[in-house]
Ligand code: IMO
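Form predicted on its own, single chain, as structure tokens, below.
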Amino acid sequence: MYFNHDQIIGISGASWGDEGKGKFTDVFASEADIIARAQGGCNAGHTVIVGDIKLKLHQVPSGIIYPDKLNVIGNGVVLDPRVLVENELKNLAEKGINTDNLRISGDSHVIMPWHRIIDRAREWRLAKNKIGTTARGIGPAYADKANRCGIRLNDLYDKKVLSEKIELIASEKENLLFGAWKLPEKTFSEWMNLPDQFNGLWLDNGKFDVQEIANSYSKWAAILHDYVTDIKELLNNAIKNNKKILLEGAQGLLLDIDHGTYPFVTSSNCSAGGFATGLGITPQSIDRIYNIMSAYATRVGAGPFPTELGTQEEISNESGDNKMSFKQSAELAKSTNDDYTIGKVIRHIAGEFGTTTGRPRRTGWFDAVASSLAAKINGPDVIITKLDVLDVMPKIKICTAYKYTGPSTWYNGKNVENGDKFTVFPTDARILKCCSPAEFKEFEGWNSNITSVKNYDELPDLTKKYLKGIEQSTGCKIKFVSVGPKRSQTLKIME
């Protein structure tokens, strides 16, 4: 049903992540032999629901629940061995899920204690201009990779070489943090007490404890020993043997380091091209990329968001612990025209709170200007998720153009003036932050429960009209529709 005649399929987010990739990675994995992760790190999170089991995965591919599938973490991933060993593998074991089918590239770079501290310190220095990172050390780890001073998983198996590398790099990071950046000891001490930090890996005088770090990473490496292999060789042999491979994307295209809303992006290539470099396979071997698009827009953290309903400040006090019931949300949707309240309804019906951070996600109307970029870079095939979240909406909108309201500037070879209209997505945050919706297509809501619909033809006509509006506005072709979080709540659109 899912692979048909394709051998290698990629699942890629089409916007700022959190589009519902986890479900479809799980759905497609049922027909795959191998599920492979190519980029990102433990800043990413996929939620997979199987029966009564709800898994929140960060580095381990979502196919881990299938004992007969091989799950691969590629060289493009920055690996946090502590989180992998003490969190993910431990939690999977507690749920009775065997992880003998996991393989990890020895060439993957490792997140070190200083990466998390530098990540947080950089946000501290940026003050009001924060990127809004998860503080998991992802960006600094990729920066060290590019600077050629990173530590790879293979390095952890030579204790002498590892200690020498840690001593050299740690000294440089100490000078950066406490010399050039003048990080206050009080601020540093507060961070050390946070639960997500590497407590015990520092000395009292603000120096990294080289031996303690080497011992800890060697301990984690020993646990991971049997998982480590040459992923390039594994995958290319699998391709020769006609194995079906599912490529699991993390984050989304608009967070891509090259094609996203720079600088409010992640630190890796989470577009289709990242699959090839992050796994060591040829681009030509990939048969199809599915763009995952939510039926409405979301974003976590800082950065411009033209179709946002409400503001970041308004949602900052919301929490998944105080979630409105479906009935409360539905009643509120009928009685308000306030943008923030409509966004809140969507957020609480869908449970739009980050898998990794727990932060409330910013919500907005579907953005065709942004989503059309996916068709150009990843290809035209689309899966629409979370369509059922809009069941209670009296009116639904699609943004088809932006209006620029900023100062006169130069962008991509031409002058941009106040009042100019954009129908092509500007990936420069400097431009995008001054853009607001100029044109909407408005649709009547279908106001009925579509979660039990079994095939596309059973959808209400108003639902089909909205889906057709997405296709016409983006240049994409919808292949599947999700009407709920379960595997069975998936509709295939026949050719």
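Values in this document were obtained by computation on a predicted structure and should not be read as measured data. All residue numbers refer to positions in the sequence shown, first residue = 1.
We do not show the form predicted together with 6-O-phosphoryl inosine monophosphate, though everything after this point is about it.
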- prompt: Counting only non-hydrogen atoms and a 4.5 angstroms cut-off, does residue 377 reach 6-O-phosphoryl inosine monophosphate in the model of the complex?
  reply: no
- prompt: Is there a heavy atom of residue 255 no more than 4.5 Å from a heavy atom of 6-O-phosphoryl inosine monophosphate in the model of the complex?
  reply: yes
message: Against 6-O-phosphoryl inosine monophosphate in the model of the complex, would residue 300 count as a contact residue? Criterion: heavy atoms within 4.5 Å.
response: yes
task: Verify the contact flag for residue 372: yes if a non-hydrogen atom of it lies within 4.5 Å of a non-hydrogen atom of 6-O-phosphoryl inosine monophosphate in the model of the complex, no if not.
output: no
message: At 4.5 Å between heavy atoms, only one of the stretches 106-114, 247-255, 412-420, 281-289 reaches 6-O-phosphoryl inosine monophosphate in the model of the complex; which one is it?
response: 247-255
- request: Would you kindly say which of 329, 101, 400, 133 lies with a heavy atom within 4.5 Å of 6-O-phosphoryl inosine monophosphate in the model of the complex?
  value: 133
query: Which residue among 265, 183, 238, 201 has a heavy atom within 4.5 angstroms of 6-O-phosphoryl inosine monophosphate in the model of the complex?
result: 265
task: Would you give me the residues of 415-446 that have any heavy atom within 4.5 Å of 6-O-phosphoryl inosine monophosphate in the model of the complex, in order from first to last?
output: none
